[in-house]
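First comes one chain, alone, set out as structure tokens in the form predicted alone.
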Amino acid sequence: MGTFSIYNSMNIISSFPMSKVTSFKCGGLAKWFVCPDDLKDFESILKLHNGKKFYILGNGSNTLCPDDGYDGLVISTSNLKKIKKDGNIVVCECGVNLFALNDFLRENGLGGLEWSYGIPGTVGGATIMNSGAFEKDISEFVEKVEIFDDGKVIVLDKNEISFSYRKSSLKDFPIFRVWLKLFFSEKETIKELQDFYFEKRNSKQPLNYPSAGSIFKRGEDFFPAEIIDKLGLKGYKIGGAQISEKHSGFIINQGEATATDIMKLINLIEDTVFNKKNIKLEREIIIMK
């Protein structure tokens, strides 16, 4: 890997291994990789690369990089993690991870997002894909979102954003900050709820293996994991990748999986479900390309 300067405050790294920054722990090299130190740097790099190929990476918990890599610039938001509050409104930079946000909310007696404790994502990514669990979605709490659009930073009110199940109208826009409206609660109550949801998640999901969470989105009248179970695919392996025996909606890396192994499993599931059930699954995971 090499580096070269881009402005005074940033370094871009060349040939960066995406296995280091994605939860699947596999994949090829990004041509270039950068971590802006603050939102000003983030804006600068976006303006410089306007019209060029780039990918914005949060926690890398919902991303798979192909083995032949990514021929563009990966912009990591890992340094953009400031949080502040004004009453029951919390303003988060896009790189704030949901564990850190939950810790902040608990310490400040703000409830509402306890269900998200244990989701390994960032506020920016969660807002773009309208992350949710246990019949809750983050869009219920979003008040405003600051985005980069057409070379400018603008703020959108909630009524200017379209949210639906695991989707939003923000998917093509880099997010800078998100305003969340919570409610006041007792710290002990918040802690109890966080622990409850974390244990519930831990009991059902294969958190001891690298994965990218649920591979497919829930349908209007079906759960992908249930269909995968009924088709006898639970535990099926290709190379080092396996459909989890604990939760069939997950594909896990047993240690030596390649991105190609994982993609073959994804394609196998999609083809089998379509051929046997005439259901076209929709991916929740993002494949870099």
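Quick note: we count residues from 1 along the sequence shown, nothing fancier. Source: prediction; values computed, not measured.
From this point on, the text means the form predicted in complex with a small molecule, which you will not see here.
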Report summary line: Contact with the small molecule in the model of the complex, heavy atom within 4.5 Å, among Ile161, Ile83, Leu207, Leu182 goes to Leu207
Query raised in the report: Pick from Thr258, Ser61, Ser244, Ser44: which residue has any heavy atom within 4.5 angstroms of the small molecule in the model of the complex?
Result: Ser61
Query raised in the report: Honest question, do Gly121, Gly132 and Ala212 all end up within 4.5 Å of the small molecule in the model of the complex by heavy atom distance?
Result: yes
Requested in this report: Among 197 to 205, 183 to 191, 152 to 160, 100 to 108, mark the stretch whose residues have heavy atoms within 4.5 Å of the small molecule in the model of the complex.
Outcome: 197 to 205
**Report entry** Touches the small molecule in the model of the complex: Ser23 (any heavy atom, 4.5 Å)
**Finding:** yes
Query raised in the report: Ile175: heavy atom within 4.5 Å of the small molecule in the model of the complex?
Result: yes
Requested in this report: Please check if Arg218 has a heavy atom lying within 4.5 Å of any heavy atom of the small molecule in the model of the complex.
Outcome: no
Report task. Give a yes or no for Arg166: in the model of the complex, does one of its heavy atoms lie within 4.5 Å of a heavy atom belonging to the small molecule? Result -> yes
